[in-house]
Structure formats: C-alpha cells, structure tokens
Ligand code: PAF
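Okay, here we've got a single chain as structure tokens, the form predicted on its own, with questions on binding and movement later.
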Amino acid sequence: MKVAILGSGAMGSLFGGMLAEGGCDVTLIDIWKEHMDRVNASGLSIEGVRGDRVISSLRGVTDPREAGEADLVIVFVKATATKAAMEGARSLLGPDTAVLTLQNGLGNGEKLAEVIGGERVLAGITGHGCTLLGPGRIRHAGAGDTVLGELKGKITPRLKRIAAVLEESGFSVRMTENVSGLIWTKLLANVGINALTALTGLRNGQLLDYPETEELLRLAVHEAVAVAEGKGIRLEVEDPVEHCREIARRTASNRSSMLQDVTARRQTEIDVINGAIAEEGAALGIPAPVNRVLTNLVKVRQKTYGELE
C-alpha cells in the first residue's frame, strides 16, 4: 500500500516508520525541511518501547506534490491546520484514496470532509505516545491500541483493509461503529492530561503523583463527561476518569504533545481540546470552569513565549 503521512512530527513519523517497516511504500510530508532532509540522508531513528533502530525505507518531502497519489493518507497535522493542509494536499488523492485522521481534538473529520468529501474520510484514535527528539529522531514512549471507524459508523471492506495493513506493521488495531464516541473518549483523556502537563512541565505519569494535579485532571474530565452526555455522545469507556489515569500511567514517561509545543514555543491545540469543552458546554448551558481556566492559562502562556524566561 502506498501511504502518505500528512504532518510528520512525532506521531506522524512513528506511524510512517512502522508502516515502512511493515512493507508499505511511505512518504512523510512536513513543512520542517531539516527533519525531512535528515530522514532522506540518514533514515528515521526511533528509540523506545520497541527497541532502537533506523528506518531507511521511506522518504520525506515538504511539498505534497512530490509524493504523488497515495492509497491512504494519514493526517497528523495540528488540528488548527487541518483544513489548509488538506487543501494544499489534493494532489495526494486518486480515485480511491482514503484519508484517515488520527489527530487530537474535535472536528477534524468534519473539516476534512468539507475539503474532500465525507466519503473519503475515516477517523480514529491512537494510544501511542511519541516525542520528537530532533531532525530525523523520535522516541516511542508508550504503546496502546489504535481504533478506527468510518464517519457513518459502518464496518466496511476498506476499513478492514486499512486495519489489516496497520496490524501487519505492528499496531494493535480495533474497529468501531461508534466513531463519534471514540473521538470523544480520546478527547476526554487529552482534556485531563495535555493542558496540565503543558502548564506544569510534568510528564504524563507525574500528574498522578501530586494531589493537586490529580484533582484538576479529575475535575476537567468530569466536566467533559457532562458536556458529552449533554450532546448525547455514547462514550467507549465506563469510567472516563480512570481511563484517563490509565493512559497517564501507560504513557508515564511521555511528554505530551502540548508540553512539547509549549517547550518549542509553538501554538498548541488547546482550542480543540479543553477549549472545545468550554465552548460546547457554554452552547448547552453546562458550566465547565476548570476547562475554561486551563484554556485561558495555556493561551496566556502562548502569548508570553520568550517574556518569562
């Protein structure tokens, strides 16, 4: 299968690398030229939970037009860039190309559907944790299930085909008919972990070491559950708070994507994570003060990059 990874930071590089190991023809696409150049010159270096190795059987480009048409496009760009990135990557689409979003936050499937049509789009989540160490180098910090679904909720032949390709490349894969519940379940974990790690500098597992951060995690997730229930979302877990704690334990050594963004002084995805809970809650008349506070604090942190050091 010919696979294009649209957005090849830590997670995109991990998926691209493992799919290349599994025999797929993989092209990484990212605007960070130094990263793509290093992959092309020296291969992708992965260290961590499945052993250290260098993968040379893939290539990197900064212009999607250099990748050609793909059978599968996996989208890992920041949620704030989803629509623009897909607009600029139409050259990846052939008659039967499927586009899979494994991004954080709400609304990515809908944004992709606006650009390319909902019939091409699949959505999913992944429990893997990964850190970008530098150009051409990543650390695979934690492993978990990857769960996929069609936007219309059916288990289709193409969904089974894509799941099989991922399984052959070493991923633990499940399929779901409840893709909206799946995305909201992942969102709840991000709500409890990402902003708190970005604001404190703690690794995922360390959030459970302090009663203050553990309490904030619990309160933020409880608010998100109330909003999900208000929207009629059927979550995929019985105890979302414990699910969030378990993900923090399973990825204990990982620096969350939002912490990595703050460390690198990049804009975060706060608006489609904790911010989404605050906004969706406001629309429903459901208060979410903890999520509003976490959102505002991260936004202030972004606005003051370089001023507080």
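These numbers come from a predicted model, not from an experiment. Quick note: we count residues from 1 along the sequence shown, nothing fancier.
FYI, the form predicted in complex with pantoate (PAF) isn't displayed, but the following is about it.
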Problem - Contact segment among 246-254, 55-63, 37-45, 277-285, judged by heavy atoms lying within 4.5 Å of pantoate (PAF) in the predicted bound form - result: 246-254
Exercise for the section: Decide if the three candidate residues 268, 291 and 299 all line pantoate (PAF) in the predicted bound form, where lining means a heavy atom within 4.5 Å. Expected result: no
Problem - Distance check, residue 186 to pantoate (PAF) in the predicted bound form, heavy atom within 4.5 Å - result: yes
Practice task
Determine whether any heavy atom of residue 193 comes within 4.5 Å of a heavy atom of pantoate (PAF) in the predicted bound form, and answer yes or no.
Solution key: yes
Handout entry: Partner proximity in the predicted bound form: residue 104 to pantoate (PAF), non-hydrogen atom cutoff 4.5 Å
Key = yes
Exercise for the section: May I ask you to check whether residue 108 falls inside a 4.5 Å heavy atom distance of pantoate (PAF) in the predicted bound form? Expected result: no
Problem - Residues of stretch 204-220 in contact with pantoate (PAF) in the predicted bound form (4.5 Å, non-hydrogen atom) - result: 204
